[in-house]
Ligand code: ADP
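Only one chain is included here, represented as structure tokens and corresponding to the form predicted on its own.
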Amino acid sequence: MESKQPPDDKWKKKDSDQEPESFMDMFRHGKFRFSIWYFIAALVLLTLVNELVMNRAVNQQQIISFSQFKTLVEDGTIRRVQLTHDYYLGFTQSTSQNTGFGGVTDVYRTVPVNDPSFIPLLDEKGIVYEAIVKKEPVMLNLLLSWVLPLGIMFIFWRFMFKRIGNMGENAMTFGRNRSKIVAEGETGVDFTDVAGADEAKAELEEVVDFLKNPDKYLSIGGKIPKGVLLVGVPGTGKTLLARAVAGVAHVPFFRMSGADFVEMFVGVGAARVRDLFKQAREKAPCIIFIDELDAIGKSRANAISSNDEREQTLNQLLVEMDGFDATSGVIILAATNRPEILDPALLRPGRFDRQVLVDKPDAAGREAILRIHSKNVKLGDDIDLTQVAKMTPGMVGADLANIVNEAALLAVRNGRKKVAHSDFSDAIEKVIAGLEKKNKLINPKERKVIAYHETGHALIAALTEGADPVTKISIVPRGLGALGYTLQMPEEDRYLMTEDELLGRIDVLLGGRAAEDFIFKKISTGASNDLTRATDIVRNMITEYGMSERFKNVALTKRGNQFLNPMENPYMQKEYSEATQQYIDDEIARVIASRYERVLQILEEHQEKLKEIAGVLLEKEVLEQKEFLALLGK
């Protein structure tokens, strides 16, 4: 049998040949790990030692009653007696001659009683007796009574403070800030690594120029802004922009998260703010970057369930940014994706002078982002990043970086040396619709229902003017419960939609349910998400866009103050009557019903195409855009 050890094991020293490490070496090299069980073991060991020392007794002692002990004295068996406070020890004659007091045989032990005649009896019989004073070990008693309990309490106190506040080596330093100074060039990111946010990048480049050449702006009477707030949805690159600033600024850069200020102890957050600005002023000019500012900057307006610690931290931050003794030379750079919940005092000029919107990139911006993330990826000759950018409307930089990485992984999985266009298409589908589940078994009846459902979506989209073109139809399950999907990609970025286009989108969403109803004369639960989205569109048309007959050009939005109570849904507060609410519900039902009847009529007029496309979809499972258009005769 061959050995499974690697060939170079024969050159390794055996465990028996290696010199054992001492305890000090283990402690010095960090291999020794302390545990609370060591204290428990030490306590038990010291207790046993104490019992052994404090209560040592002669081996093989015979415990007898006092009356028996007195009888042995009377008949001369016991010739020596030791008197202690707790017991009497009697030694026989042989013991006293051979082994002396403290021998190991013929020793009798009894518990003393108050007998005035016992001492005269000893004198009468000529018994040698002596009183033994119990000598307690002072050092051991001091160790067990005072040193050990206090040591355990101190270590437990240190342990709890570290666990509660994550306070590092010194539990008394929790009032210090936890910011980290980023050296120039340490991040490895500069403004050339940022794309898709040209306006935000220009604003921050100007801030860096303020710090590098302040005289250029001070000579004309301008003032350096005290704060710049980066606002945008998650993934747009707010933190990336801050890293770029840290990479090119020639000044100290403090970075910190908003959550680092908040602690369970009242006053710790404010102390950390003071310490942070104290260090920053000592190194001015400098930049302080606070990520996720909403963690400490929530509005204080009517905050019923407010946290005093959070409010004190915010108040200290307001004072430090623009208080009575505020000084210049420190620029605050912050990022948040929830500007609507920030305190108004924090957003006023003089604190955050600039609010820079880092918005979702357009098609040109997405192409630039894709080029940055794919510069280290081997791309095939068939890849057109301009086309890929058009296939990703509404995606942010984080999504695009994920797509590039997924495409590279798919290329490796398929055994290719370079990334092909199909890899990008599959990666986009994976991000949008979820992971493909080819092995999920679906019975033929449900599979047929799914095919007609997706064909209904696609056919209505193809026959609706202004609808986004269909790029793919699939009945392969994906994601968390999607049994099939119809993929539509807009040809260009859209920022406005007309009333007819919104109604057309509702028709497309209802096309799946209508196809099931038309072919099988039954409906299933597969259209639940479609119905939810269609209902939301109609509700927004009535309440927000002013596209209803009765309330034309009137906005019926619910204007609840979301700062009143964080535990209460702010959108439950409305400013219209119950009669208006009843009208909204009736109008939603009427519009959905009328559009559904229209979709049924379109499907009835094109039922041959519906059955033909569904049949091909059942056979192939996936239809690309060219195949779908060919079946339509376009």
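Numbering starts at 1 and follows the sequence shown. Just so you know, these numbers come straight off a predicted model, no measurement behind them.
Just so you know, the form predicted in complex with this ligand exists too; it's not on screen, but the next bit is about it.
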property: Contact segment among 239-247, 407-415, 489-497, 149-157, judged by heavy atoms lying within 4.5 Å of this ligand in the model of the complex; result: 239-247
property: Sole residue of 537, 401, 547, 284 within 4.5 Å of this ligand in the model of the complex, by heavy atom; result: 401
property: Listed residue that, although this ligand is not shown, lies within 4.5 Å of it in the model of the complex (heavy atoms), from 344, 222, 234, 394; result: 234
property: Contact of residue 515 with this ligand in the model of the complex (heavy atom, 4.5 Å); result: no
property: is_contact(residue 509, this ligand) in the model of the complex, heavy atom dist at most 4.5 Å; result: no
property: This ligand contact at residue 193 in the model of the complex, heavy atom, 4.5 Å; result: yes
property: Distance check, residue 472 to this ligand in the model of the complex, heavy atom within 4.5 Å; result: no
property: Contacts with this ligand in the model of the complex - residues in 518-542 whose heavy atoms fall within 4.5 Å; result: none
